[in-house]
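First, one chain by itself: the form predicted alone, in structure tokens.
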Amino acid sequence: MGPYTDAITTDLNQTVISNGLCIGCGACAAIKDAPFSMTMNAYGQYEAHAVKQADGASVLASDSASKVCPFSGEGPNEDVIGLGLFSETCNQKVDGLGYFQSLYGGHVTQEGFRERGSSGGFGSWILNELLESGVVDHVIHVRPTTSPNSENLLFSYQLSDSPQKVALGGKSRYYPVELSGALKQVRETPGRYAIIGLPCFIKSVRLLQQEDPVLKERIKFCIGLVCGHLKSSGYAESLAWQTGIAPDRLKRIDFRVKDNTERADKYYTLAASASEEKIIPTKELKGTDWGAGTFKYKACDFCDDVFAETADLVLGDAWLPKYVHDPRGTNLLVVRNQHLEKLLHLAAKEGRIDISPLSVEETLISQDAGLRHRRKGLSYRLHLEARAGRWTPPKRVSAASRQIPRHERRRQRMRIKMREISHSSFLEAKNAGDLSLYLDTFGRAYSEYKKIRPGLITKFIMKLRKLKQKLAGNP
């Protein structure tokens, strides 16, 4: 045998990758002598692929890759990571929420941030605040991709070192991205960094920090985002195509253009080619029901972290009755870091932000659907995979067939079906140049999904739950 081999002795190939559970975060491709590289598959999802390795480095690198993968189960889970990071400074821990010092709802009053953001403006504001106060030298965030690329990707993780560049990373990006390129830049460029990302991405950074002292020393703050799931590039392309801009012409997309005359959850989608721009109410576009899970990564169905439990600060939409009628948007904040807590208090005192305390119950209710999907729903999906003889990562819930009522079990199975057919039917539509192949196929499945109704006993239980929420002040 020569000095190089195609055989990669790593469990990731047999477990995570072969079972379609790679989230495409890029952690395994960011380590030294990485045994994997990140490529975009036909469905528009990043996934890890084995690369040739020197015999002497292969086993060591492959072992490290397993330890930093957020879905391998080889590294510590969110509870263990959180215990090490926050148990001494956070006085509370709640299942589904993790450790926390304080919980807030609010928005940025400092000019421009709320207007440019998808919600209350805190995403760009907190990164800008850390940069301008001199606490960090760079931020690692998702920005529109300006340089030409062979795959026509619209967004990527990039490093920013000025308020002007930070502003380019505002708004929600329902789009595939990966971290390996940006993290290699961090390794090459001394300085202090803050990073923002989805729960599994932040977990992968924490796992990388345990293996890489340079990343541990340089990445000072991890900002998390409350997460529903990650989309493939097909989601953006499908929305744009419905406005009249075909996938090969799409150059720019804004998933959440605010309508300042309606509720916060009513917004528009903007798609643009090189020569035209279209904007349409998102509710008029098919495939935008988040619960349906179109273009979702399979890995997202095996994640149990909604509130980015390993992040220093978590941001999301405050989907609560007292906020949802403000079309300008309101953020939910979960704070786990003392420096960031002090930063928020100072800014509030100066009138640059407006925040109010939230209760634990309000915080959980704001993400009630996501928590149910990633707890009881996950338990049932684990059961389905076990019954089919497929590998799944260890989770903080156990596989069970009857944790949820019959109608919800049907809904879970339909969500899996819609996730799968959205990818396959859209690829077929792109190859044929006929959008109706996707719309018709998905439309039939979605109609079946919407017809699923609970039985009488379940309806009674649901009424009791709503009554409880109303009594708690959350009708």
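Don't overthink the numbering: it's just position in the shown sequence, from 1. None of these values were measured; they are calculated from a predicted model.
The same protein also exists as the form predicted in complex with a small molecule; that form is not shown, yet it is the one meant from here on.
Contact between H141 and the small molecule in the model of the complex is found at the 4.5 Å heavy atom cutoff. Interface membership of L215, defined by any non-hydrogen atom within 4.5 Å of the small molecule in the model of the complex, is ruled out. Within 4.5 Å of some heavy atom of the small molecule in the model of the complex lies at least one heavy atom of G197. With a 4.5 Å cutoff on heavy atoms, S118 counts as touching the small molecule in the model of the complex. Heavy atoms within 4.5 Å of the small molecule in the model of the complex are found in exactly one of 73-81, 386-394, 124-132, 340-348, that being 124-132.
Relative to the small molecule in the model of the complex, residues K171, G228 and W319 are all within 4.5 Å by at least one heavy atom.
Proximity to the small molecule in the model of the complex, defined as a heavy atom within 4.5 Å, holds among A236, V334, V177, C222 only for V177. Contact with the small molecule in the model of the complex, judged by any heavy atom within 4.5 Å, is made by just one of R256, K298, K376, R249: R256.
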